[in-house]
Each structure stands twice: as structure tokens, then as C-alpha cells.
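The chain below stands alone and is given as C-alpha cells, in the form predicted alone.
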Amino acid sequence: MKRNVLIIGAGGVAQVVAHKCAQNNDRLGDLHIASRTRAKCQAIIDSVHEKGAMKAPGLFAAHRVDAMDTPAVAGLIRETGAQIVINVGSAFVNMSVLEACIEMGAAYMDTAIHEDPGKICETPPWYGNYEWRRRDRCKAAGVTAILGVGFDPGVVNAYARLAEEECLDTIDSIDIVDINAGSHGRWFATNFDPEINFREFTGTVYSWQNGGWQSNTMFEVGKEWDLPVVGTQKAYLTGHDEVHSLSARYPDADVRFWMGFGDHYINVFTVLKNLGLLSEKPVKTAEGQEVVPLKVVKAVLPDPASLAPDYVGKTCIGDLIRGSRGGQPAEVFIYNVADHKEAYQEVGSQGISYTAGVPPVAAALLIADGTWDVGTMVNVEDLPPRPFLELLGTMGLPSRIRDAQGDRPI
């Protein structure tokens, strides 16, 4: 039985994690949140208390830490007595936080693949460049490390495993579709960290097809999808974290990720990219000042957390999985629909942050009760999916299945 949680990060997803941990602090124990700016952490704690989210009287404390500093993170784990660390900071800090967890024997989880600030879209399978190289050390230390346990990656990985266990005899293809049919009312903004957002879309689009990696460019391949609630939506083949792990478990299946983009986003993105403003490489101004164009763009765009009060509409994220059952072709669509306004009313964040922030807390609860405390490094598809998906259903992210028999809860 593990207790006491340390949250790394203080953005929109961290706010969701904090509220959901508070709603379950009777099972999770003492709560702590840390980032480079302690005031941001305290503001999140204040929002928890304003909502009356703490299920039981208990500790929720704010701390300052540089998450790139492994000894500092290890020291904070020691100081707080945290046995579970939920890393929802920048993807740049994954390895330093993971190293601290291995050193201290604390369970670790994150919601996105590690990124090197100096590199974009690394050689697949990307997990093999950083996380998976630490598998043996996690196992030797008995440390549970769950990689990519947001929604995508995360819940969509569990959908694939559920289809494998309960819906299909064979799997021929996994198409993950992510549609945000909401509106934030701003002329232009990104739904999560602009730097991470743009880095994700400026590199090569990798998919796993015909038993190997296929390369495309962003917005090269698009198609329309007929989806529950949000209707017909255009989505584009996009490189994404879960393709890099699901292709290892399902090497005989095609694994693709599709994300919805409006024409306005594509136009702005294209202009910024063609002007060189999405580059991660430093440039020197006429005044001799060195700047990173991508960081400048990030600085002038709205903070994604600021979008929440005005966000309306819904998201639909799911897996269309094709294969066979009983010797006949079959397909299943397993999905979730989330509402931006409902998310804001509950936790003060928009729906994108909500879908990313609830799953790691569900994983923390499963680690706390031993169900997912496996003592080694895993991706979500390596774990039993039904306890996770059923728990998510009670926490605000219910999943449904659409197949030949109709549309129903899982």
C-alpha cells in the first residue's frame, strides 16, 4: 500500500491532478505539489480549497523545485515522504524526475514521452531513446514507472488492450482519433504548452504500417471521421507518443494517430513555420540578443490555462480497432466524450487538461491499492485495462464502445 503523492508541475493539467488527488486524499494520503514557481503551486492549492475538493482533512503543501535537478527532486521526495510521484511538468524533465524516483524508490508516472530540448521528433521507437533504457534499473529497484498515462497516450493505450482482451481475436489496425470540437474564443491559442504543441507538429510524422515505420509530413494525409456526439470531423495523420509503444505490442497491426485541426490553425501554423518562428534553434537579433524563436512565440500566445473560463464544446477521443472475431472481419470504436464547460465547473480547467489530468490520478489510486503497483517500468497497454477504465468512469471520464451490436458503456 503506497501513500503520499508529489505532483510535479503547476499548469492546467497539474490543476486537474491536484483537484482529483484532493477528491481522493482519503486513499492517497498527504499531497504535495512543486514547480519552479511556488506561487503557482499555492494558487492551485487555493483553488482546491475554494472548491472544497479535499475529501478528508489532510495536508496539501506547495514547494519550489527545479525539476531538471535530480538531487533536488530526490531531496523533495525524501522530505515529503512521497511514495507516488505524478510528473505533469514539461516533457523536458521526465528523465530527471524518473532518476530521482529510481533513487528514492518512489513510484513514477508521466503523461508524455521525454523530449530533449535540442531535438525534435526523434528516431522511432522514441521511448527506446530514453525511458526504455531505464527498464532494468526500475525492475532492479522494484520501482513502478508507468509511462504516458494521460489520455493520449494513456487511456487510448488501455482501449487497445481492452479490444485485445474482450472484443477481437486478432488486431489488424489501430487508428487513434483525437477531436476537439470546442471553442475558446481566442483568435489563436494552443490547448497545452505552445512549445510542446508546436514541436510535436514540426517534425516527421511517423506511423507504423505494413510492419515498419512510415514517414509523412504534417497535414499531408487527412480524412474525415464520423464520430459520436461531435459528428463528421476532419483529422490529419500525426506523429504521437502512443504509436511508439503500441507498435511494439502489436507489430502485425497498422498503428496510426489522427488529430483534428481547423483551417485557421493550419494557416497560422504554416505561416509561423515558413517564417522560421517555430525553430528551436537560437538566432541573434540585430541588437545582438540571442533568442529562440519558438520560445518567443510561446511567450506571446495565451497561457493555455487562461482559456478555461470561456471554453465551450466537447472533445471526442477514441480508438477505431479493426481485426477479426470468430473468423469474421470485425471492428470496434472505444471512446470518451468530455465537455469543456463541465470540466471548468468541477476543477477550473478546460476539457483538454481534464482528459490528460484525470488518468494519472486513477493510476495513482491503482498503485496505492496494489492493482498497478508492478515494480517495474511499463506502458499503459502492458497493464490490465478494465480496473483503470472502470475507475475513470467513476472519476468523470466514462468510456463507451460502438460496434455491430450498438453503442454502449464499456
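Every value quoted in this text rests on a predicted model; they were computed, and no experiment measured them. Note that residue numbering begins at 1 and tracks the sequence as displayed.
Heads up, the form predicted together with another copy of the chain isn't pictured, but that's what we're talking about next.
Heavy atom within 4.5 Å of another copy of the chain in the model of the complex - the one residue of Thr202, Asn129, Thr270, Gln214 that qualifies: If I apply the 4.5 Å criterion carefully, the residue I get is Thr270.
Interface residue in the model of the complex among Gly222, Gly75, Pro293, Gly81, criterion: non-hydrogen atom within 4.5 angstroms of another copy of the chain: Only one option qualifies, and that one is Pro293.
Per-stretch contact check against another copy of the chain in the model of the complex, the hit in 166 to 174, 284 to 292, 241 to 249, 310 to 318 (non-hydrogen atom, 4.5 angstroms): Only one stretch qualifies here: 284 to 292.
Distance check, Lys298 to another copy of the chain in the model of the complex, heavy atom within 4.5 Å: Yes, Lys298 is a contact residue.
Non-hydrogen atom contact Gly276 with another copy of the chain in the model of the complex at 4.5 angstroms: Gly276: yes, in contact with another copy of the chain in the model of the complex.
4.5 angstroms heavy atom contact with another copy of the chain in the model of the complex for Phe92: Flag for Phe92 set to no.
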